[in-house]
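Below you will find one chain, with nothing else, as structure tokens; this is the form predicted alone, and questions on how it binds or moves follow later.
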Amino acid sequence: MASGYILNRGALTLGIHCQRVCRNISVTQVREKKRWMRAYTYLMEKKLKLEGPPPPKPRSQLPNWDYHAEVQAFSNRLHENFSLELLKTAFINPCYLQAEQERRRGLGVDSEAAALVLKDNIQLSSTGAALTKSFLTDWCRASFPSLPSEGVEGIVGHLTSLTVVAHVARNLGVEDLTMSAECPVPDDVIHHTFMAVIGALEKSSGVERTGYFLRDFLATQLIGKDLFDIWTVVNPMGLLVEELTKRNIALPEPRLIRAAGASTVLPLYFVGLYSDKKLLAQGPGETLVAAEEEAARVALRKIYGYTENRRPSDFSPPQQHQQPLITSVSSN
């Protein structure tokens, strides 16, 4: 009894002590955001909505920028041996020189002192554009020998267009190094600069190395592209008749193979083209005319060798002509 009384009294004393300790502890609530943050955020959002986003700045005006190091890194990143002087010239556009001279005149600098001792990339760009068109034309004729000259011109025109070249150049980091009067750099200036880079590579490493560069970065843009999305053909059936006549093949005869939902708002027809009782191609369409044109396009793809299941182009790197290790060891 005595021991139980002592234990209960000890537990009661401990509980009273804990209550006193808890009364002395003050709990403070900590907010994750300050009270002024809500009003400040609201004002900044309202200002952004009224004034719009700030104008973009060139990468050269941002901190931690070394132009010489960036140009050299561009050459090393592409694994190409550029002449740094030619590569720097390739990035200087005439609009940048004109804008810089006007800015210096506006600051009151003399005309002689305002003149920049820099050379623009007009000559390099013309050299690169001519080399690009010549190489891509030869590459298309070698890859698709049955393709007519109109188709080759369509493919070359697509690969050298502003959209494709600007897309490739921006992904290679050309935009950050381009000296232009406008920011962001327009597509035509990006196109002009990229052609100048190709001209600088041709003068630095030769025509063969430049051809591999164009094959790897421009010719690969044909992957996943349909021929008639690049080359617009108004009358595919007439073109098919011309191609079959050149090859002394009987003219095609369109026949309805099957149809579905003819009495609905979404009909589907399959038309087959037969030549000498042999099926050349078949194509679907919402109308008989559309299905016949699609079948003609399918037949033309087969004739030109531009089908979806064609053999992929060879984009492997050039083989290094080195002596095998076994032979070199045995010779020693």
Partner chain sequence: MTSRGTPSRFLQSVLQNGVGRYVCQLKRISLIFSKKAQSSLGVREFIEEGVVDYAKKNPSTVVYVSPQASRIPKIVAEYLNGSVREEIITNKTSPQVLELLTKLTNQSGLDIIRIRKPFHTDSPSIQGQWHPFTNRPPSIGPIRPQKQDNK
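Since the model is a prediction, treat every value here as computed from it, not as a measurement. Numbering follows the first chain given and starts at 1.
Although it is not shown, the form predicted together with its partner chain is what the next lines describe.
Contact stretch among 147-155, 255-263, 91-99, 236-244 - heavy atom within 4.5 Å of its partner chain in the predicted complex: Of the options given, it is 255-263.
Contact residue in the predicted complex, from Ile122, Ile223, Ala142, Val109 (heavy atom within 4.5 Å of its partner chain): Flagged contact: Ile223.
Listed residue (Asp229, Glu182, Asp138, Asp216) with a non-hydrogen atom within 4.5 angstroms of its partner chain in the predicted complex: Here the answer is residue option Asp216.
Non-hydrogen atom contact Glu80 with its partner chain in the predicted complex at 4.5 angstroms: Glu80: yes, in contact with its partner chain in the predicted complex.
Arg170, heavy atom within 4.5 angstroms of its partner chain in the predicted complex: Yes, contact at 4.5 Å.
Its partner chain contact in the predicted complex: Ser134, any heavy atom under 4.5 Å: No - in the predicted complex, heavy atoms of Ser134 and its partner chain never come within 4.5 Å of each other.
Its partner chain contact in the predicted complex: Ile303, any heavy atom under 4.5 Å: No, Ile303 stays farther than 4.5 Å from its partner chain in the predicted complex.
Stretch 35-72 - residues with a heavy atom within 4.5 Å of its partner chain in the predicted complex: In sequence order, Arg59, Asn64, Trp65, Asp66, Ala69, Glu70 come within 4.5 Å of the partner.
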